[in-house]
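In the block that follows, a single chain appears as structure tokens, in the form predicted alone.
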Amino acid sequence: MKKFHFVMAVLIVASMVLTACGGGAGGGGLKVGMVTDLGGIDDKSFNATAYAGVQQAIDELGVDGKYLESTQQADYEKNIQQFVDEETDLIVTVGFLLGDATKAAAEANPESKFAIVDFAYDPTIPNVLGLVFSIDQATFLAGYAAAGSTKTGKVATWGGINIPPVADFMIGFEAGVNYYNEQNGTSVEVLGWDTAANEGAFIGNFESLDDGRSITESLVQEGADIVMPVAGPAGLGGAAYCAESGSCMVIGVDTDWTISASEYTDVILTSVLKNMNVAVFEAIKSVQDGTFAGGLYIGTLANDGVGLAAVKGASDELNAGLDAVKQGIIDGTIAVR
């Protein structure tokens, strides 16, 4: 009985440790740890999409994967160090805001391997793979689709924080609207972002549904009937406003919102796909097969690193236009900037 109680105690402690880490599974092989950004693992967007790549590696490659959630920026360094101390084979950090903490840890631990989503180091760091995305290619298509779908002649975008990975969404969106106008003789207006001035509408965070709802309502009151939030879970506040008011449609980001936020399917025009799961899985696979190297992975329309989901209610003419624009971006005849 004493032995039984001891074994049970060990199992309970192990369970508690796993819960504290936020989750994990695998077959005890290659160890992969992911450090989230502030939205949390269940943000239905940025962190969740990245972790889907870890989960795929758990299922298909038999790795041992888990995550640590960051609830404040002060957690970044602590969470990364925990994985270093655990001799994790690949540490994946998620988001531009983890750039400094990841660099410091990588330089202090050159024998450890890292991958970071949405950050490119110049010069590159030998033991860090930057996972970056030409998201402006996909949002160019989204802007084109929005311009071809609006009834009011005004569309909008807003962001969480004005950092490059967020601004890239908005730059491409505005460019796509402008291209539609040039090709179709229209004058659809973009609210919430001005590339020339590098300024626009931001709420200052990625978490507040109330802030997301409020800024979406404000832009709709200015005349926009299609809104693209670039703010992780805060964007769902905008979707909620559109669903309740019936006055607008939203464009999802990072993942297909008709799947990750299916309760809002009726008001989702389309979604911009940043296939971080694909990039994270490939990084893990490279460690397992011994080909890992620092540098850059760049997700594009050509390699399916980014994309656009089906556009609700799109006419045959609009779909044909989107196909032509996509091909033009891939072959270089259409510039997204």
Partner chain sequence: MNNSSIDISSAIERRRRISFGVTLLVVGLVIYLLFGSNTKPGSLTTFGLNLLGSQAIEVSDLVIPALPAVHLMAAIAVFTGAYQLARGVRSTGWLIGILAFTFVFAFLMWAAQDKSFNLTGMLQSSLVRATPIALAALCGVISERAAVINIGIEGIMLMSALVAVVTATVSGSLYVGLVSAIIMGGLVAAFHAFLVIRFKVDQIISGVAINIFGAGATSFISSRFMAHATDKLNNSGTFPIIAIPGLSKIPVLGPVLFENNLIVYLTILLVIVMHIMLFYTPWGLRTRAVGEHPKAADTLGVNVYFMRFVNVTLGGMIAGLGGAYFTIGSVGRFDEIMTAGKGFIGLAAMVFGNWNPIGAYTSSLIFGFADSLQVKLQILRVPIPSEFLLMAPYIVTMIILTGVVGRAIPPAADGQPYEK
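Positions refer to the first chain, counted from 1. Since we're looking at a predicted model, the values are computed, not measured. Throughout, rigid core stands for the largest set of C-alpha atoms superposing within 1.5 Å between the two forms.
Another form exists, predicted together with the partner chain; not displayed. Remarks below refer to it.
Visitor: Does the 4.5 Å heavy atom contact test between G130 and the partner chain in the predicted complex come out positive?
Guide: Judged by the heavy-atom cut-off of 4.5 Å, G130 is well away from the partner chain in the predicted complex.
Visitor: Residue-level question: is Y179 within 4.5 Å of the partner chain in the predicted complex, judged on heavy atoms?
Guide: Output for Y179 is no: heavy atoms all beyond 4.5 Å of the partner chain.
Visitor: Please tell me whether any heavy atom belonging to V250 falls inside 4.5 Å of a heavy atom of the partner chain, as the geometry stands in the predicted complex.
Guide: Taking the distances in the predicted complex, the answer for V250 is no, it never comes within 4.5 Å of the partner chain.
Visitor: If you check in the predicted complex, is I125 within 4.5 Å of the partner chain, heavy atoms only?
Guide: Looking in the predicted complex, residue contacts with the partner chain do not include I125, since no heavy atom lies within 4.5 Å.
Visitor: Using a 4.5 Å heavy atom cut-off, indicate which stretch of 295 to 303, 308 to 316, 270 to 278, 41 to 49 touches the partner chain in the predicted complex.
Guide: Comparing against the partner chain in the predicted complex, the contact stretch is 41 to 49.
Visitor: Taking the partner chain in the predicted complex as the reference, which of L219, I226, I135, L90 has a non-hydrogen atom within 4.5 Å?
Guide: Checking each option against the partner chain in the predicted complex, the one that comes within 4.5 Å is L219.
Visitor: Out of V188, A106, I171, A240, which one falls within 4.5 Å of the partner chain in the predicted complex, going by heavy atoms?
Guide: Exactly one listed residue reaches within 4.5 Å, namely A240.
Visitor: Using a 4.5 Å heavy atom cutoff, which residues in 184 to 212 contact the partner chain in the predicted complex? It's fine if the answer is none.
Guide: Those in contact are V190, L191, G192, W193, D194, E199, G200, A201, F202, I203, G204, E207, S208, L209, D210, D211.
Visitor: Taking the rigid core as the reference frame, is the Cα of L38 displaced by 2 Å or more between the shown form and the other one?
Guide: Where the cores coincide, L38 still shows a C-alpha shift between the shown form and the other one that is 2 Å or more.
Visitor: My question is whether N198 is one of the residues whose C-alpha shifts by 2 Å or more between the shown form and the other one, given a fit on the rigid core.
Guide: N198 C-alpha, core-superposed: shift of less than 2 Å.
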